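The chain below stands alone and is given in structure tokens; this is the form predicted alone.
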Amino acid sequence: MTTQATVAPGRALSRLPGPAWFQEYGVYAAVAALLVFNAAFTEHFLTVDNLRTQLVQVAPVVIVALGMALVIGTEGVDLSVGSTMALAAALLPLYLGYGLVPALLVAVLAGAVVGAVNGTLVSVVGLQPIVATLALFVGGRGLALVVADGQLKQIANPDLLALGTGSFLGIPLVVLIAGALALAVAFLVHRTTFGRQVVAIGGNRPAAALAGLPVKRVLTGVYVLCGVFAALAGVLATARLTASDPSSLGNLMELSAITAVVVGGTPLSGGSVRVLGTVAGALLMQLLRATLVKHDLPDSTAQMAQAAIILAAVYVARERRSR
């Protein structure tokens, strides 16, 4: 009797979810809980129009967060993604006269150049990622304002606007693009040599260099991809808003992307990239904000709730790492 009473609580405690469980599945449980709550207590939440709106709003965040996940997987960070979005948006009106494809190529090329500069500063010059990307966080938006003459410009190109408002089989194009990019990044991480190199470098960069991995090339590559994804998100956001506004487009996007990645289970210490978790993390933040707004709570409450979730996610990751 005494032995059973002593052992049973220990066994029960061992079955309780620990840091590993929360880091692996916590974001999915939180998304499910929010969906159940809203289905029960939020009017018109399950309508097609509302669900469509939520997905359209979260799509640019997902795209930027996918690139950020690759960077964080190498134990880095990119603070310039919001400015890259603004720069891509500023360039679009200048080249739409030549057609949609040339304008898209210029915008994406600008993102690649920003990423290449960030990657070079990190991998070749040896600057800390937060310092290297902070320079373009400030300078990139300034350059975007110079390119746009500091003015908001309306977009009238029907082909570009179709990217923001069009749909295929009832699914918004921006959502389809975000989903396709998520699948592409998942394939890149789990099925290619480049993806394995990203994880290896993030796990132990000195050991990866000693093993002969192309550390500088891989680091530059992830920042280029992050810049390209941010530029594409800027294009899609501009198409949805029907205007190019480099002064406000992408503001705080870097924080939203980092939040989605961290809450999704990718550790800031690198060595892992969780693509599905990143998508779920972005969706969680969107649902949280939408839930609070629909229940007449100010947006500042959503920001404080997001801060609490970030702290919890970082704490869980630290506890798991220490164990």
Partner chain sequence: MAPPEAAAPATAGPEPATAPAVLEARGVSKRFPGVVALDDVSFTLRAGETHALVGENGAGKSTLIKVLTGVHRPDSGELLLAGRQMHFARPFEAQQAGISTIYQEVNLVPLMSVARNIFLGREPTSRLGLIDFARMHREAAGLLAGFGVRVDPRRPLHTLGVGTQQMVALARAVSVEARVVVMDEPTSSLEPREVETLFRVIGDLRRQNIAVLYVSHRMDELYRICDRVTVLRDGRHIHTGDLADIDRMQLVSMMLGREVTEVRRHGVTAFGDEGHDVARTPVLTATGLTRRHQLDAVGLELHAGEVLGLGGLLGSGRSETAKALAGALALDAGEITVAGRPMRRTTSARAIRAGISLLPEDRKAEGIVPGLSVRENIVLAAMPRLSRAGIVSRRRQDRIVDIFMKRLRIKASSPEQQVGELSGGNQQKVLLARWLCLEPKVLLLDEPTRGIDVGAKAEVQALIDELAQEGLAVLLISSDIEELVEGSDRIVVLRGGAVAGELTGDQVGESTLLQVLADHAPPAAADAADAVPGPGTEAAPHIPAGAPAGKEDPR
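Residue numbers count along the first chain shown, from 1. Bear in mind the structure is a predicted one, so any value in this text is a computation, not a measurement.
The form predicted in complex with the partner chain exists for this protein as well; it is not shown, and the discussion that follows is about that form.
Residues within 4.5 angstroms of the partner chain in the model of the complex, judged by any non-hydrogen atom, belong to 212-220 and to none of the other stretches in 244-252, 156-164, 212-220, 124-132. In summary, among the residues 99, 203, 179, 142, the only one with a non-hydrogen atom within 4.5 Å of the partner chain in the model of the complex is 203. Taking the partner from the other structure, the partner chain in the model of the complex has no heavy atom within 4.5 Å of any heavy atom of residue 183. Among residues of the shown chain, residue 95 is not one whose heavy atoms approach the partner chain to within 4.5 Å in the model of the complex. Contact check for residue 199: a non-hydrogen atom falls within 4.5 Å of the partner chain in the model of the complex.
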